[in-house]
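Only one chain is included here, represented as structure tokens and corresponding to the form predicted alone.
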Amino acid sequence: MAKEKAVKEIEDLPGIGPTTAEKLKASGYETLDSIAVAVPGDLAEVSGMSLEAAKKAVETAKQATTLEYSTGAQVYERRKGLGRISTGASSLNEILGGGVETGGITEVYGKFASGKTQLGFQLCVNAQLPRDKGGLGGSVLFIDTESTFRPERIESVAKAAGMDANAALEAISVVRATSSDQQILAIERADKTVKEKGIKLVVVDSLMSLFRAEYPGRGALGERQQKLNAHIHKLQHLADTYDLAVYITNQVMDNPAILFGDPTTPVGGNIVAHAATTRLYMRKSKEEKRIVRLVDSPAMPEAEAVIKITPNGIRD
């Protein structure tokens, strides 16, 4: 009697060959887990399989996948191994619990010229530093949706950190996205680049700019939020799978319902609010000073830090 083939990849499932597997992956079914929870009819539609073949593939995927349980103590031990990127300012590092951590999404929102992109540049440089100097010893993927990436700024920040400026720039892979579809594809296809180049930080500057431009009005809100939800979950998937940090900047609007106090509200609604592990609100103060408020974090209390943007980067 022939021994049954172990199911480890999508291609190992009954009725799924390389061509069908490519169709499934192109539609977002990239793992056995995603097949196990799929609706057979949806699989059949996107792959061209028969409904019966799709049902068999789903059932086989369920039997091949396992769900691991961990104790709180085990989770705590794993969290001790998370990396953190220094922001360049000790006060900001402190309210973040040591810096921008891997395995999660850090969102910074604020008005234009508040310093969101400048903090992103600092993280692009610091991520390349060794761990004992506040970095992760890795490369960077920068998704530029607003034409904000400035190599000159990276050069000055890198030199101030005692790094070779050209080497620092070579370690940053930049994608200029001019549509939300390009932005989504840049992240959907990032796995290969992350593995080949040792990416430890993904920057999206900014997350919502293209989505706001392409999906205006309430009529397009549902489609926009659905695409945005899948996009930001892929970012979290990258953070989990490769133990990297994700830094996203976000635009704001004035909430007319707030009559007293600061009406500044981040865009993106509840999808972005729930998806971001850590949320920071950055606003301008006098001269080069910026006030950064920790709005939401699963581990740290609300707090504020005062930083400044200098020619050498972010400082206390």
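Being a predicted model, the structure only gives us computed values, none of them experimental. When you see a residue number, it is the position in the sequence shown, counting from 1.
The next section is about a form of this same protein that is not shown, the form predicted in complex with guanosine-5'-triphosphate.
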(request) Look up in the model of the complex whether residue 84 has a non-hydrogen atom within 4.5 angstroms of guanosine-5'-triphosphate, and give yes or no. (result) no
(message) Even though the partner isn't displayed, in the model of the complex is residue 76 close enough to guanosine-5'-triphosphate, meaning a heavy atom within 4.5 Å?
(response) no
(message) Residue-level question: is residue 159 within 4.5 Å of guanosine-5'-triphosphate in the model of the complex, judged on heavy atoms?
(response) no
(message) Even though the partner isn't displayed, in the model of the complex is residue 146 close enough to guanosine-5'-triphosphate, meaning a heavy atom within 4.5 Å?
(response) yes
(message) Within 4.5 Å of guanosine-5'-triphosphate in the model of the complex - does that hold for a heavy atom of every one of 28, 224 and 234?
(response) no
(request) Heavy atom within 4.5 Å of guanosine-5'-triphosphate in the model of the complex: which of 185, 213, 113, 230 fits that? Just give me the one. (result) 113
(message) To test your reading of this chain, name the stretch in 104-112, 238-246, 177-185, 128-136 whose heavy atoms come within 4.5 Å of guanosine-5'-triphosphate in the model of the complex.
(response) 104-112
(message) Using a 4.5 Å heavy atom cutoff, which residues in 299-315 contact guanosine-5'-triphosphate in the model of the complex? It's fine if the answer is none.
(response) 309, 310, 311
